[in-house]
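Presented below, as structure tokens, is a lone chain in the form predicted on its own.
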């Protein structure tokens, strides 16, 4: 990734403001924490990582529901060794069932259930604001300690909103130029979407929209440039902007690592994100390349079950324990 690059031009230019990007969370929410796994590009291992993190959390005696939010390309059930169920997320979105709990099925692994994606719903990828709000509210009423969101590819508005709705947003990428570019695009899209849907920044929305265009007339190319313009126009909004940027702290996992130089790609992404966006990305680990991954997928078996002694399984356990302990330390009252 080139630190001087302004990245893809205006990735959100055709997005209208969605006031339902984050719904009102019920005060008596059952769910303790939501983790979302995204990354922009397809084929980077989002479903493998989602299913593996889900299983590792379940082994910590946490009640986990893995949710396939790849609207139109669901395959999380396959990585968890489950046949596509009779009821899926598409049935809840379409209204064929009123209760999302009806779509929850056991994976056969202790403490771990799944809600399969909207594979059969042609219009599922075109959620309305009211449908999205209903979905978010239903998520928080599920009987689980943790929800794991397996997001679809790309930077569509719903994918980004699901990512931002989570307590822990995890970006997955490969140490390859195309994957790095897409991860960068995902970060940029989520970054501006977060700012663009923050009610406290409504007075400076025009400046934020202007900043989305890398060729804007004001020369806004970095967060410091944006902050300068916002602070000049509205000092109070400038402080709020700084607060919102500080709260955006996505995690990063590199997949299919083959050499030490691959490991260092994560450090470069962390450095560039801090320099260009002012974002403190938490590089939480990497998964080495192992040929037995495809064997588990071909057998339609969970990787953590088929190869529990593999290097990937050990890395997943370390990452899960890190996130679990961090969440427990931040929210002790939820225990």
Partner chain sequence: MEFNQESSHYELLDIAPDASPQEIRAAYMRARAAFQKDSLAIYSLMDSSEANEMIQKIETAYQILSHPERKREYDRSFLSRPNPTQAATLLDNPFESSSPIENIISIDRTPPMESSLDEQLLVAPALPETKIAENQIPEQKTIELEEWSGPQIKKARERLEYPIERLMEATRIRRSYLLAIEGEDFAKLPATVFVRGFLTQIARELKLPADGLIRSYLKRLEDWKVSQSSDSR
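Residue numbers count along the first chain shown, from 1. The structure presented is a predicted model; accordingly, all values stated were derived computationally and were not measured.
Not on display, but discussed next: the form predicted in complex with its partner chain.
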Exercise. Which among 36-44, 274-282, 51-59, 65-73 is in contact with its partner chain in the model of the complex, heavy atoms within 4.5 angstroms?
Worked result: 274-282
Exercise. Which pick from 146, 184, 92, 163 sits with a heavy atom within 4.5 Å of its partner chain in the model of the complex?
Worked result: 184
Seminar exercise, completed: Checking 206, 217, 235, 199 against its partner chain in the model of the complex, the residue with a non-hydrogen atom inside 4.5 angstroms turns out to be 235
For this session: Flag this candidate site as yes only if 85, 300 and 324 all have a heavy atom within 4.5 Å of its partner chain in the model of the complex; otherwise mark no.
Result: no
Exercise. Does at least one non-hydrogen atom of residue 258 fall within 4.5 angstroms of its partner chain in the model of the complex?
Worked result: no
For this session: Although its partner chain is absent from this view, report whether residue 192 comes within 4.5 Å of it in the model of the complex, heavy atoms only.
Result: no
Exercise. Does at least one non-hydrogen atom of residue 224 fall within 4.5 angstroms of its partner chain in the model of the complex?
Worked result: yes
For this session: With heavy atoms only and a cut-off of 4.5 Å, decide whether residue 295 touches its partner chain in the model of the complex.
Result: no
